[in-house]
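In what follows, one protein chain appears twice in different forms, each by itself as structure tokens: structure 1 and structure 2.
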Structure 1
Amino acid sequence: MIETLRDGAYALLLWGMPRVNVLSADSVRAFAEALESALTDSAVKGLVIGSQNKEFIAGADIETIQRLMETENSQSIFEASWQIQSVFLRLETGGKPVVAAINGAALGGGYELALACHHRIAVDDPRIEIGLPETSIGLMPGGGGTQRLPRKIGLMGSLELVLEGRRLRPQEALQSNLIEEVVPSQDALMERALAWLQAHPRASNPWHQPDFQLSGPRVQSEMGRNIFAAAIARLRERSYGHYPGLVHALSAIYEGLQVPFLQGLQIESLYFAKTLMTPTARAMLKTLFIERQRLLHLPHRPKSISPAPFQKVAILGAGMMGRAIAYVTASAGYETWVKDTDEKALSYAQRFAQDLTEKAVRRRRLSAAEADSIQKRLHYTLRYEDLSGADLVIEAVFESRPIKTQVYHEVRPYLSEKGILASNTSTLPITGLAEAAGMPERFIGLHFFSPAERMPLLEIILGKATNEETLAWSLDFAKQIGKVPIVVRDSRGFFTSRVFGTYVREGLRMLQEGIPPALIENLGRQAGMPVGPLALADEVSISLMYSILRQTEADLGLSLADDPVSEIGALFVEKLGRSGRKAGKGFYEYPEGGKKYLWPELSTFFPTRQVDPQAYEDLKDRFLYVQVAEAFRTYQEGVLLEKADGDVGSILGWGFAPFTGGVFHFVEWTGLERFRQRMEYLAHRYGERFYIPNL
């Protein structure tokens, strides 16, 4: 697990775990033993900590963390964290200089180990990530990160890094002083590490010196107090108190920096234990780490199908979605052809890709050569002939069935022999489109989220006749472009749009009930949603929701008058011409160059009433429970293959209250009994839409 090599007077301790280097009880024990032998061997003058795998150390072992959580015993969690702290302490105070040779990802516990070393050198490869991302999955650092980092780089920078869980590339990490050196290649890494040891035989970390002073403001100074006041306010604004891990990390920094270093480490371990005991840590770890990882291994991929032979990808439509999808596929290595009927759209798409690559180069996330090859893989055209031989065509033209049908027929002759056709439609049932295209077996829905270059989820929708090869290859494609795929069966709105649509509708109902709009928006965010329902309606576009409603009524031959979109759509779209964000007016006003604000005339159309603050809990719960109930309905109808897919999809797709672990895990997070009571109460008081039969 840990191999010790010798290079003259220096010991190289190399991590090489069978799958991936992580801090587990066993690996830490093995490391401690190797460390002890090197420290006590008088012939050894210094140590390099490195890795034989492609990552340096990816973090804590999640299974170990899960087991600790299951003990529900804060003492044993504290001890586990303390065991790691002691090893790192021994490393930094063992009397010999130690360098971290960072050849790959150094995240969480991995970066904490590097922080305990006396010097850090990383290979200058923009794929390498360095940082303390624990809070982003509901945890917090427990290997000294909240104590060493602020003592190394000061309060301000470390608060930001820890509370936002940011991951930096080597060049950014160098600029922020997280590491001290970068080297151009793997080969240079060991050489530089050994040279550094030779030049610094007596290295030690400054926080062990008696006269140590924090660089920049101390906690108990005017500046320090201001920094914390601002950090607390920002935290509250972002999290509304839903994330104990964040508060605990902040407290560990605040308290730990006012006491001697060793005590600071103990404070951190205490907060770490406290964090792991919360239902939120459990929920987030499960969905955002374990289930997300599971989906990246493509559990729904038919096993017998050989890997996707895709080389050339064509995107139809260079609009907001098409251009971003094209950028994603070209970045993943596919030759990508973008076809539109509008030349302006094509040149805009080209500029879009250029801006993105330039920004990535400026931020050193891409090398100039990589940016150049992405550009070279992108081609823009008005002619179908150029798409000839495409293995995958992703259609992202206007949301209109006749237009889509027409482009399917036009593009079909240019598909490669085994090529497949996919639609990025957000609302039109896939089975119908597949039939219209005349190739239902090789047709599938690939639903990207906006902005597609950033959003991590891909919702894959099976039509009734979609064959196994098409599914398998779509999953391979998802993996290649680095998206987390969930597979769903066809249904109106699929899974994601259908469930998050209920959040928007609940907001519209409240408007009809006379709840003041600002309160609706604030309570939506306080409930844990990333944006208020009215702002979301504007983003999605009120006219789009209204036209889907009309289309559904026409398709199913029934009236949906009790859907709030019916009344509100008629008023906003037909009478007032306020169709949403794109039109520059909807529930909000969007002044040019200014901040959006709620349209002041709203109350003329929806007179407001006073709301007793005691009712706030009901309003917040309505926002979440209505989505949970709809999610259960989709599951019971067989739209989802597994509930856990829905958990991941709900958080990555539309930001459903991440602290709950997603729309299904919500029940466990709340506690089944309490959930049932609340659901029954809401159903009784506000309507059947909250009721889940056979829960």
Structure 2
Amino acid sequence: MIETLRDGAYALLLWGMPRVNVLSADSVRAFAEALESALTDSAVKGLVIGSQNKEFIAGADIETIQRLMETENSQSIFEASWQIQSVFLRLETGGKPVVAAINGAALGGGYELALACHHRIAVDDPRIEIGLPETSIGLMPGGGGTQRLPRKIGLMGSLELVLEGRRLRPQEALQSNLIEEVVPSQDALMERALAWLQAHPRASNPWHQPDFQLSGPRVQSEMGRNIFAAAIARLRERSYGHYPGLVHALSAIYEGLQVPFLQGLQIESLYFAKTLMTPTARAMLKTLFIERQRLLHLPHRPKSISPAPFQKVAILGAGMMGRAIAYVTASAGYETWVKDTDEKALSYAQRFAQDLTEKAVRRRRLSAAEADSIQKRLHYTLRYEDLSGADLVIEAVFESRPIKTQVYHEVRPYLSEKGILASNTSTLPITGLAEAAGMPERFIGLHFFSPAERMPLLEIILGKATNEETLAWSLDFAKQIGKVPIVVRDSRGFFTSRVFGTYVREGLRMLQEGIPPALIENLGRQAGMPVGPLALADEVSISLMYSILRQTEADLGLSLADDPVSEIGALFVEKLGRSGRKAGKGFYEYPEGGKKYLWPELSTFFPTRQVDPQAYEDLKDRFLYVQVAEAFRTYQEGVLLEKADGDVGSILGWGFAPFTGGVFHFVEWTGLERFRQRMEYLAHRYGERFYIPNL
């Protein structure tokens, strides 16, 4: 687990856990023993902490987090944090210089260990991430991060990094002073670490010196007070008080920097325990850490199927989604062909990929050679013949069944012998598309989320006849391109579009009810959603929503006039020509080079009324409870394989209130009895869309 090697007078403590280097009770104990042995050996003059795996240390392991979440005793959580704090404290005060040789990811507790060292060197690889991302999953640093980082880089930088949970690439980390050096290769890493030890035989961390002063403003200076006041205001603006881990991390920094360092570490461990006892931290950790990791191991993949043989991937359609999917696919190493009938669209797609790679190179997230390789793997064509031998074809054309059917028949002759045809449709049932394509066993839905180059979720939709090989290979593809896959059964709108669409529709209903548009948007965000429902409607495209509604009416042979998209879509698309952000106008105006703002004429078409502030809670709850109700319906109809999949999908796919743990965990977070009472009230007052059968 921890191998100790000797290089002359220096000990190399190398982490080499079976799967991935993580902080667990066993690994911390093994490291503490190896550390103590090296520190007490008079022949050892210095230490290098390194790794035999591809990562340095990736933070705490799942089993440790689960065990801590199961305890109702905050003292036990404090002791677990303090055990790590004690080991790291022993490392930095053991009287011998220690270098962290960072060859891969150093996140959370991994970077906190590096902070306790006296010098940090990283390989200049843009794939390496360094930082303290704990607040992004509802937690806070518990291994000294809130105390060492501000003492190392000052208040301003540390507050931003801790509260935003930012992950930096090595060059960014160097510029921000999170590390001291970068080296060009793995080979140079150990050599440079040993050279530093030779040159600094009596190194120590400055915050242990009696005359230590914080660089930059102190907490109780005028500027320091202003910094914390601004940080509190920004937290409130971003989180609306939903994330106690952020407040506790801020408090640990504020209080810990005003006392001796050892006492500051104790304050951090106390706040860490307090954070982990909150329903929010437990909800977010369960969904965004434990369940997300489970999905990355492909639990729904048929075990008997051999790995996917994909080499050549084709994308049909060079529009906004198609070009982004192509970029993701080429970035993952596949030879990728983009087919469209419009040469201008192909030119835009090529420019899109160039812009992304150039930006990544500027930010040192890609090397120039890697960017060039991505560009060379991307091919653009007007001819189906160039797609010959494609192992996977992903259709990303307009949401029209006739158009999709046409391109399926046109591309089928060019698939490889075992090639798979997939659709990126967000709503049209996969079974019908598969039958229209004439290859139902090898047809599947691969629903990406916009912007596809950044959004982590991939919704995989099974048609009634989709075979196991197609599912297994689609899951392999998801893993290769770095997406978190959820598998759902076929239905109109599947899981994600069907559920998140209720949020947008609830906002449209409020508009029809006379609720002021600005209030709708603000309350949507206050409820915990990332953007207001009207802004989201513009992003999705009002015209697309309206087109899907009309297609649904045609498919089902009925009128959906009570759907707010019917009235508002007809008005905005057919009469006003305001189809959304892509057109530059929808519910918002999008001035070129300026900031978007709500269209002032909305009140002409939707007169507003005065809203009693006491009704705000009802409005906020409507946004969340309507999504939860629809999520339960999809599960009860057999669309979702597991509720936990829906929790991960709801947060990663459309940003459902992360602090609740997702649409299903929302019930546990709220409390079953309180949830039931609230849902019954909303159903009685606002309609059956809030009713959940058999809860």
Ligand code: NAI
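Note that the coordinates shown come from a computational prediction; the quantities given were computed from them, not determined experimentally. The term rigid core refers to the maximal set of C-alpha atoms that superpose within 1.5 Å between the two forms. Here, a residue number simply tells you its place in the sequence of structure 1, counted from 1.
Shown as structure 1 is the form predicted in complex with the ligand, with the alternative form given as structure 2. Once the cores line up, the CA of residue 273 ends up less than 2 angstroms apart between the two structures. Once you line up the core between the two structures, the Cα of residue 109 stays within less than 2 Å of where it was. Core-superposed comparison between the two structures: the CA of residue 383 stays below a 2 Å shift.
Comparing between the two structures on a rigid core frame, one finds that residue 576 has its C-alpha moved by 3.3 Å.
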